[in-house]
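As a starting point, one isolated chain is supplied in structure tokens, in the form predicted on its own.
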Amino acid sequence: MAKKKEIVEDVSAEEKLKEAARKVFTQKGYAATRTRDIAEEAGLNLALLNYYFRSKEKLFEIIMMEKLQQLFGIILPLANDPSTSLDEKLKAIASEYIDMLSANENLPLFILNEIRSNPERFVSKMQIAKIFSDSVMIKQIKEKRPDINPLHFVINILGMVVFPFIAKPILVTSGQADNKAFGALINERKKLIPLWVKAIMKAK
């Protein structure tokens, strides 16, 4: 019985450290975070962090992969679905990304800062080629506009979805939108982004 309790406590300590790492890494970034910061945030001894994760780098790898999966993991299954049209893909990507980012507003800046620090690690971990060259969505875009590099459309879609969350602090601080108005603005974009992308595809 005691052994079972010990295992539960171990799992709990490990999860507490991961949760603390998610918070501290997102707030401070990799370079500014100390292992002591994470242990203090978790309310646990620093020795436990070293026991479970060995180093800050290994713990960061775990958290970074979770965050990358959150930000980019959505697009792969949607982009590679052969049963949906391009219009359906655009609507699904806009809607699901906006919902996810609304629940994780600090995510884009965290990912962008860390990708900028180590782009090679990002590319190798996320298999970006599958998004940018091999997906069903890219083939559908090429069929509609063979005269334009399809990366323009992918970049436009991601930019339209992600940038408002990066710009939110400026919009709120300057009085252009409070939290409620920003939420309404973002929800409007679920319908508008697919329409804008379709209009760009038709324009010649």
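Nothing here was measured: the structure is a model prediction, and the numbers come from that model. Under this definition, the rigid core comprises the largest set of C-alpha atoms superposing within 1.5 Å between the forms. A residue's number is simply how far along the shown sequence it sits, counting from 1.
There is another form of this protein, the form predicted in complex with a further copy of the same chain, and it is not shown here; the text below is about that form.
For the residues L49, A42, I63, M160, the 4.5 Å heavy atom test against a further copy of the same chain in the predicted bound form is passed only by M160. For a residue to qualify, one of its non-hydrogen atoms must sit within 4.5 Å of a further copy of the same chain in the predicted bound form; all three of Q27, L109 and I155 qualify.
Though the partner is left out of this view, S133 does reach within 4.5 Å of a further copy of the same chain in the predicted bound form, counting heavy atoms only.
Among residues of the shown chain, R189 is one whose heavy atoms approach a further copy of the same chain to within 4.5 Å in the predicted bound form.
Heavy atoms of I115 reach within 4.5 Å of a further copy of the same chain in the predicted bound form, making it an interface residue. Although the partner is absent here, N179 is not a contact residue: none of its heavy atoms lies within 4.5 angstroms of a further copy of the same chain in the predicted bound form.
Once both forms are overlaid on the rigid core, the distance between the two CA positions of K67 between the shown form and the other one is under 2 angstroms.
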